[in-house]
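Here's a solo chain for you in structure tokens, the form predicted alone.
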Amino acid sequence: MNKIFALVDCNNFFASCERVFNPKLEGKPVIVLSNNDGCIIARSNEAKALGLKMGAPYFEHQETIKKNNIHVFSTNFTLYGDISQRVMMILSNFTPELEIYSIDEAFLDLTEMPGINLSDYSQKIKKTIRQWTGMPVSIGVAPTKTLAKIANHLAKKNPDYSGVLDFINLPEKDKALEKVKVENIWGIGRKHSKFLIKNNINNALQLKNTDDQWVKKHMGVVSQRIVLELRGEVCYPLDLNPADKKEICTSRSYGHPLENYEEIEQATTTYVTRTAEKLRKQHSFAQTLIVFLMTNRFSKDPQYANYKIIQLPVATNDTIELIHYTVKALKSIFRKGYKYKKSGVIVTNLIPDNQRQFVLWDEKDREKSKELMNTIDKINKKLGRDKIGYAIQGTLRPWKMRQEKLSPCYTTKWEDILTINL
């Protein structure tokens, strides 16, 4: 049986999340900024039409933003993550197999659902998501994931498709592929795009008809698989059991430069707390800890950057233990007289939490530690992050990243729930 993939992609996801609870923004330009309100990372179609580019520094476009009354928001990952989870839960009701590809995209396997009209079924998915979450989506259906990506891209660009394109039953497939620029093909990066264009391969149809051995020779086996997928041969099945991360990094730029060690310590121990939570979530232990600290390389102030690697005596995901070694590392690399912009924590050499090698002189009660961490995780999951924290993290958090245009967390905080006055 030939495979049937559907790619569901939320349109302008971050901007659309802001519109869900503020309908007055419909039809108006909206942008969302990166951490510390630095760069533009999401744009509504109206903002794109005004020439605002992805990744453009916010401060450089103040005049355009003011002149065109563009609505600006800081990233609200709590809100975006919750809406994403709701969309994915809805999608799981429409297919037996689902791969969550990113915060705003998912692949569905519709192969085992014979007898359905793919366009009608996709429209039903689209309308259900819109009705239950307010989120607009586009859907591309095709025999491979690469073609599903292309179908989704075309569904967004062409209003005649009403947000859904069934590429399997499309009469003129080659004409559709001819409209897709080679740089818009899933998996073809900037370097390979330039190489292909230099060799007069400018669109998806031309790449499809290129000799796959030539592609393999000049671009590698991954690009060769993309060519095969463009021809309808499945090279990328659904990834239903994504592999655990090989390393985990938690790092943020401070809301303003820090010189005081205590404030930097509060920030960095908060980062390692997040890292420990991620380790426990994927049932892993870390064997190596890396702590780094740096100034702003774009500043004219004196520059300094350093890091410390610690081989942990016993592999662990215990927050208290990781905080201890983080503080030890941070003290060894901190230098007075600098204005620091960023610090972070990386754990690597990860192993499953059932494969830890104990050492003879380990005096820590590991079972008691495990119970304590599990209890704290359950309480924080139920009542909200950091309801139980660690004193070394502080409470005022002057280092917290700048979010001057943050919208309410409508779906996750009681005090932010919308109220209606009748």
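The term rigid core refers to the maximal set of C-alpha atoms that superpose within 1.5 Å between the two forms. Small disclaimer: the values here were computed from a predicted structure and weren't measured. Just count from 1 along the sequence shown to find any residue number.
Note that the form predicted together with the DNA isn't included here; everything after this is about it.
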> Though only this chain appears here, would residue 313 touch the DNA in the predicted complex if you measure heavy atom gaps against 4.5 Å?
Replying inline: no
> Should residue 186 be classed as touching the DNA in the predicted complex when contacts are defined as heavy atoms within 4.5 Å?
Replying inline: yes
>> Given that the DNA is not shown alongside this chain, does residue 105 nevertheless sit within 4.5 Å of it in the predicted complex, heavy atom to heavy atom?
In response: yes
> Going by a heavy atom distance of 4.5 Å, is residue 249 a contact of the DNA in the predicted complex?
Replying inline: yes
> For the chain shown here without its partner, which stretch in 81-89, 188-196, 206-214, 316-324 has non-hydrogen atoms within 4.5 angstroms of the DNA in the predicted complex?
Replying inline: 188-196
> Among 269, 368 and 373, does every residue place a heavy atom within 4.5 Å of the DNA in the predicted complex?
Replying inline: no
>> Only one of 121, 101, 334, 338 gets a heavy atom within 4.5 Å of the DNA in the predicted complex. Which one?
In response: 101
> Among 57, 384, 27, 51, which has any heavy atom within 4.5 Å of the DNA in the predicted complex?
Replying inline: 57
> Considering only 29-44, what residues come within 4.5 Å of the DNA in the predicted complex, judged by heavy atoms?
Replying inline: 34, 35, 38, 39, 41
> Is it true that residue 181 shifts between this form and the one not shown by 2 Å or more at the Cα, once the core is aligned?
Replying inline: no
>> Rigid core aligned, does the Cα position of residue 232 differ by 2 Å or more between this form and the one not shown?
In response: no
